[in-house]
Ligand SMILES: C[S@@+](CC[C@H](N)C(=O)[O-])C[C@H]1O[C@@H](n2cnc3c(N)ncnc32)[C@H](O)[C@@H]1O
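As structure tokens, one chain now follows by itself in the form predicted alone.
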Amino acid sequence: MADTQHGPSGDISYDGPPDYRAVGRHGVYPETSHDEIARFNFLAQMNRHLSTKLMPGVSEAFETRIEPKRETAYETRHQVRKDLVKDPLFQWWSALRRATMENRQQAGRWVTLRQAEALNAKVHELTDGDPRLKLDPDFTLPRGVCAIDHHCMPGSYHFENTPGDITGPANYDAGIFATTGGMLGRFNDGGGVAVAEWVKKNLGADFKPKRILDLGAGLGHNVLPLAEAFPNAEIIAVDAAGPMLRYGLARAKTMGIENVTFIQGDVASLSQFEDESFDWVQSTMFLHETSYKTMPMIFAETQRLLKPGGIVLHVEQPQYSQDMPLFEQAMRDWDAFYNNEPFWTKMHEIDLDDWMVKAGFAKDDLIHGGVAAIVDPDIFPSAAEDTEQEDYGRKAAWHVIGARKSA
């Protein structure tokens, strides 16, 4: 059964995403009007409806009328997908899901563009001249970043309408609630909170990192919980997109977090950092947005950068193992074909253990685990307990693959 949530009037019978008005508003969070809030609430409700009401119907259609027509057993997820796309219920669910994502992006885009001048000025005032923001004017964006509007976001993470523009990350920040139904908590940082809690629980009190590197940091929502959990550590957040880094630093400063430096760079080639200079290297829901070509380079860099005894952790959706039904694999592949996530499908079929070993980590030193976002449970859904929310890629629960570097 889905979590029972408190509705806007305190009605405990309400079962659905929390009201958008409960979202945490840090100092550079976009302002939203009554109508904009209503639009985000509708989109959050629609996403939940698609995952809890229509998704089971797609599964039933596959079992009762798609698979029985197959003359031979399915051997790959691609065969399943090609049959699914012919079915009217899958077509209906898929079209609605795509439309909801596009509407979510345009809703956030309108919110931020109408107040772009004020937002840009506020972030500029907070970050201009701050040594914790290191942008490279000669930096060349990797093609995997600049050639794609990731998850239908216009301009993806990097585009600037004017110099110093941060409306892209502001859009991303404002709309995460609609995509996840509030499952990442007030500040959309449930992933980072979960990782910090997992590390403290599983690595113990003796693990006291002095220097942490976060790869593909984006606007910092998964980085800041690490900074709060380890206040004595120096956190380096690296991303290719300048707007994200500007917004991330401004966001951190308004939340009182001072131990993060935001650096522009290519995570596949981090020559600006010395060998064995970090105690912990981290990525959170980032690998699926990197290409097959660059991923082994990233793994090799993490091995080079870790101190002996240091750890690397990558938090991602689960790999397509032999134990995962082909139907589930095909449904998880939806993002690769219809949500502008072209690297998703290849990344999830890779044997990450094997790639970690090839990067130089000992097989006996590999780390596996799982994390789930449980943030503000009195208001926001619990990702661990909300069994109906599983949407083959949307649930706020992830796997951990990592390693400890041999001393």
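For clarity, every value in this text was computed on a predicted model and none was experimentally measured. When you see a residue number, it is the position in the sequence shown, counting from 1.
Separately, the form predicted in complex with this ligand exists; it is not shown, and the next lines address it.
- Although the partner is absent here, Pro318 sits far enough away that none of its heavy atoms falls within 4.5 Å of this ligand in the predicted complex.
- In the predicted complex, at least one heavy atom of Pro142 sits within 4.5 Å of this ligand.
- Contact annotation for Gly216: at least one heavy atom lies within 4.5 Å of this ligand in the predicted complex.
- Proximity of Phe187 to this ligand in the predicted complex falls outside the 4.5 Å heavy atom cutoff.
- Contact with this ligand in the predicted complex, judged as any non-hydrogen atom within 4.5 angstroms, is confined among 241 to 249, 126 to 134, 112 to 120, 69 to 77 to 241 to 249.
- The single contact residue among Ala336, Ala233, Met285, Ala107, judged by any heavy atom lying within 4.5 Å of this ligand in the predicted complex, is Met285.
- Taking Val267, Ile212, Val199, Leu84 one by one, only a single residue has any non-hydrogen atom within 4.5 Å of this ligand in the predicted complex, and it is Val267.
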